[in-house]
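You are given structure tokens for the same protein chain in two forms, set apart as structure 1 and structure 2.
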Structure 1
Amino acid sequence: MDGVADMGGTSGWGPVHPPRRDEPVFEKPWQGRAFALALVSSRIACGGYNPDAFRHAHERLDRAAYLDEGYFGRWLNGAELMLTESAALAAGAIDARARNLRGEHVEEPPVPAPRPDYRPTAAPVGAGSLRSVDTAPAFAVGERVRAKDMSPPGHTRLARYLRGHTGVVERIQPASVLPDTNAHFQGENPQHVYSVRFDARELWGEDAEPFTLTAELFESYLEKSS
């Protein structure tokens, strides 16, 4: 799904600052509370923990909700979207409550009726996201592969800046839950995952700085390259 969340590899966002060794987990106390609220909200909306559905909620935020309120503001906006979509929370309820807490005395919307058509269940068949699959890997270490030039609807972990470009399989990783289906409660469908090494000039042209980039890509994202 192309959208504001697919920012990796794009230019115009300024320099990237790597984290400091002594950097706190949460810079401000409210960020820790936002983190906890987002996790609880996701569990309520999904019927369990589904990080892919949570990421997909972020992808559907508008540009202001995604960028203007910072990383943990984004988490809260994503959690609110999931809660309203699941009818656990009325649209506008959080804004009305915040205004009342500021003394504005506005009417808060009632709790909505449950949605009979919305019953997602995040029921993992194993701990974490790693799984075992019975099929042999389709690609070998050292093989040249191409990231498919595709833009599937919904959530995908195939970054836009990699699509259509060729790299080399560096390592075969353990199989993992496929986010493209798990985000939509369509099953885990685990696949082999490959570490694929790309040359920067393959991704950004001959004027790019000379370095290599390694991305973890699911098997269905790749095709053979001659």
Structure 2
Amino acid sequence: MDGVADMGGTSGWGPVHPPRRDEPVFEKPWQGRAFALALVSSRIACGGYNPDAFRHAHERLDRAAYLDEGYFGRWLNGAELMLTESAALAAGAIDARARNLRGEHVEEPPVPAPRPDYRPTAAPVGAGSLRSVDTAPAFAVGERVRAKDMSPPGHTRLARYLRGHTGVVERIQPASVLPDTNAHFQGENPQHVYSVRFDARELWGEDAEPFTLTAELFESYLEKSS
């Protein structure tokens, strides 16, 4: 989906922030707790490991929920969305509890009924998202390929700035769970993954800075290019 998370090549973010020496892992205590709680919440909501559903939750956040509280705020808000959707928490439960924590007296929503239609992630059968597939790769190293010009309504890892552009297969990476279906609990559908090398002028026009870029693209994101 074309959400705020898909940032490659977008404008208006201002200057980059140079690295700071000795930056702590978590600048504030809540960030560490939000990070850990989000990791655990993701497993609760998905019934197991599903980073694709986790990322899809983040990219569906509104702009403020995605940006205003930074990376760990995004994790917190993504966790809330996943827990609410999976009926582990009622909508508004965190807000109500937070208000009570600061001294208001608000009624908290009841624990929701389990969702009978909810399909959690199956137990993993490989390391992380890596899988093996029986079919031979459709594209070879050195072959010219085009990233399809498509904008799926759900989750995808085909970044907008790559769509419709032509590159060359540089490496064939291990096959992996397809995020587009796994994020929606529609199966792992593992596919071959290719590191595709793009020229900056192909992506950004003749006046672009000279450089090359690689991105990992799933087989179904690609088509042959003569």
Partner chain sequence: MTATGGAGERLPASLRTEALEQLLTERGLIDPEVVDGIITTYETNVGPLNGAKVIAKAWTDPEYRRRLLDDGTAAIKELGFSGSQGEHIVVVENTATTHHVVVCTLCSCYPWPVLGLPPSWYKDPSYRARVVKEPRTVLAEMGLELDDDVQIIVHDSTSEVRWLVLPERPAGTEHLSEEELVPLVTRDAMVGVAKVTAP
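What you see is a predicted model; the values in this text were computed from it and never measured. Throughout, residue numbering runs from 1 along the sequence of structure 1. We call the rigid core whatever largest set of C-alpha positions still superposes within 1.5 Å between the two forms.
The form predicted alone corresponds to structure 1, not structure 2. Relative to the superposed core, G164 undergoes a C-alpha shift smaller than 2 Å between structure 1 and structure 2. Positional change of R63 between structure 1 and structure 2 stays under 2 Å at the C-alpha, relative to the superposed core. Relative to the superposed core, E23 undergoes a C-alpha shift of no less than 2 Å between structure 1 and structure 2. Aligning the rigid core leaves the CA of G14 displaced by 2.8 Å between structure 1 and structure 2.
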